[in-house]
Every structure is written in C-alpha cells, then in structure tokens.
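Here you get one chain, nothing else, as structure tokens; it is the form predicted alone.
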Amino acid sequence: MQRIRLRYTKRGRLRFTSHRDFQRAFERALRRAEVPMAYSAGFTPHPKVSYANAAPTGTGSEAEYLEIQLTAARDPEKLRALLDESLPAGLDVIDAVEARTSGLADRLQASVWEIRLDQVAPAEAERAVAAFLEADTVEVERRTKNGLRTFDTRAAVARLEAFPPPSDRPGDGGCAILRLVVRHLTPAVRPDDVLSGLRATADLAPPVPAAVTRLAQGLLDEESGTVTDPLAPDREAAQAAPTAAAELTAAMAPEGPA
C-alpha cells in the first residue's frame, strides 16, 4: 500500500463548488486517470480518500489537502499531473508527496486568509483592524445546524493586517485587502465570523460581499504568526531516505583485506 498526499486549489467560479461536489468530481478523476485505488470493505466499497479541513463553500483556496491510498506504487509527480488533467480548470492539483510521516490533519493548525473588501478605503480597514486587535474578546453569533452559536473571534485570530491593493492593479483604489491567520479551533471560526467581529468592534460594513481566499494552511508558529507547509516533513523524510539507505549499505559491506 502507498499513501499520497495532494494539495489542490479552488479558483474562480469553482470556489462555489461544495465539498460534496468536489468529492464526486475527484472520484471521477481517479477513474479517468486509472489510479489503482484501495477501497473500503463492506457492501458499498468507497475509494480510500481522506479529506482534511475543507474550505467553506463560496471561498477560494490555494491550499486544500487530501490523502489517497493506493494498492500499487506510483510516482507522486506523474500522478499529480494525471489527476490535474482529469479535473476541471480551477480545481487544480498543484503538489503531491508520498506520505512518509503520520498526522497530516494534526499539522493543519491554522489558515492564512486573504479578504478583498471592494468599496472600502484602506484607511477605514486599518482603523477597524486596530480596534479588533485591541479588544480582549470579540463575540459574534452564527446559526449552525445545532442552533445559534457564539464564537470568540478574537481568540482565534493569531494575526490580522490591512493593506491597500497592489499598485499593479489599476482601478483598485476603492479596495482594501485583509490578511489574517486564523487558528483551527472547535467550534471553527471562519473568515466571515471575523468580518462580523470587525463590524461589531468598528462598524466596518462592506457594501458588497467580500472575496475570500485561503492562501495556506499548516503548522502555526505562535511567536511569528506564520504558517508552514504541512507537506514539508514528508519531503524531508523522502530526501533523507536515500542517504539512510546508503549509510546502511556501507555499514553492512564486508571489510577488505587489511
């Protein structure tokens, strides 16, 4: 058995794809690419795919992750290319590694989000961010399948900054960009909850819906507020494996005559 971990995106109109819709599209891609999948036991076997912390419907993402289990070994990069060709544009498979460590889900501790606020002046966004960060708690309510829940959005936010739009985008003057790092807590705090918190603390109310994109997710460095690549440990283990094998071969080789 071989396990492969994949990173994929949700871009453009495909950001409105639900998680269930993506599952169906991905299973079709597995069949088209003729991937030798392992299947669960029972009367209705399913391909062994583990999805990790999917982004909410309507948000874009550059960093979604899943793991598949195969019955025969495949080159991760060739498999990535085959699956990418088999999925619609916007659902793009951009990275693949062989799983050589445990606990991918445990490494997804936080996400980096970018929120584009059209028709909001950067100065207004900076004022709202400052008010939010100065607060000890910022509670908001959201209706869930279990009823109305209250979330402390301030505790979930490890980092929050406001920027003007990039200078290479003409016509974006009436726009602010928020960049935030949100811890993965239970219950989960989503970017729209943070926007509700900004409205509660500073009366920031964008006149049009915000465009939200996840840029990264992984291990959180609490001191710097940065998020690291969750696939890096698998890549490092793969690079170390040939060296370890060579050292073992050298140690087992018979010694020559004195």
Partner chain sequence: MSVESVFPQLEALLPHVQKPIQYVGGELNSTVKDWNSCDVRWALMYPDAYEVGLPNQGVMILYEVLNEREGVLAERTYSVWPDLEELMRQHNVPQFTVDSHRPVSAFDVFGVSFSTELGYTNLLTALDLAGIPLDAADRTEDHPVVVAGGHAAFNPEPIADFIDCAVIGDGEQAVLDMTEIIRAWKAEGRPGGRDELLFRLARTGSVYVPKFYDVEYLADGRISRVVPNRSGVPWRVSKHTVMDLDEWPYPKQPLVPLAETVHERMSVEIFRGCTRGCRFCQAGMITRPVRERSITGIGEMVDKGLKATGFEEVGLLSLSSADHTEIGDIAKGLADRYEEDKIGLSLPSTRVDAFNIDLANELTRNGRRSGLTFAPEGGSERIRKVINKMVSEEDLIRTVATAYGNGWRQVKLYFMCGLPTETDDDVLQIADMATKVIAKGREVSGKNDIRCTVSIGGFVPKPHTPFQWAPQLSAEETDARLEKLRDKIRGDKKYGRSIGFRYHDGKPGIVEGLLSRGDRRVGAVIRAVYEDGGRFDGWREHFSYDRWMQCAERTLPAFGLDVDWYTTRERTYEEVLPWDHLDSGLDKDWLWEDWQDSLDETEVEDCRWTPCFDCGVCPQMQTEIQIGPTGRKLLPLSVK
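Residue numbers count along the first chain shown, from 1. All values reported here derive from a predicted model rather than from experimental measurement.
The form predicted together with its partner chain exists for this protein as well; it is not shown, and the discussion that follows is about that form.
Although the partner is absent here, D21 sits close enough that one of its heavy atoms falls within 4.5 Å of its partner chain in the predicted bound form. At the 4.5 Å threshold, heavy atoms of E34 reach its partner chain in the predicted bound form. Taking non-hydrogen atoms only, R13 approaches its partner chain to within 4.5 angstroms in the predicted bound form. The closest non-hydrogen atom of Y39 lies within 4.5 Å of its partner chain in the predicted bound form. Remark: of stretches 80-88, 144-152, 127-135, 178-186, the one touching its partner chain in the predicted bound form is 80-88 (heavy atom within 4.5 Å).
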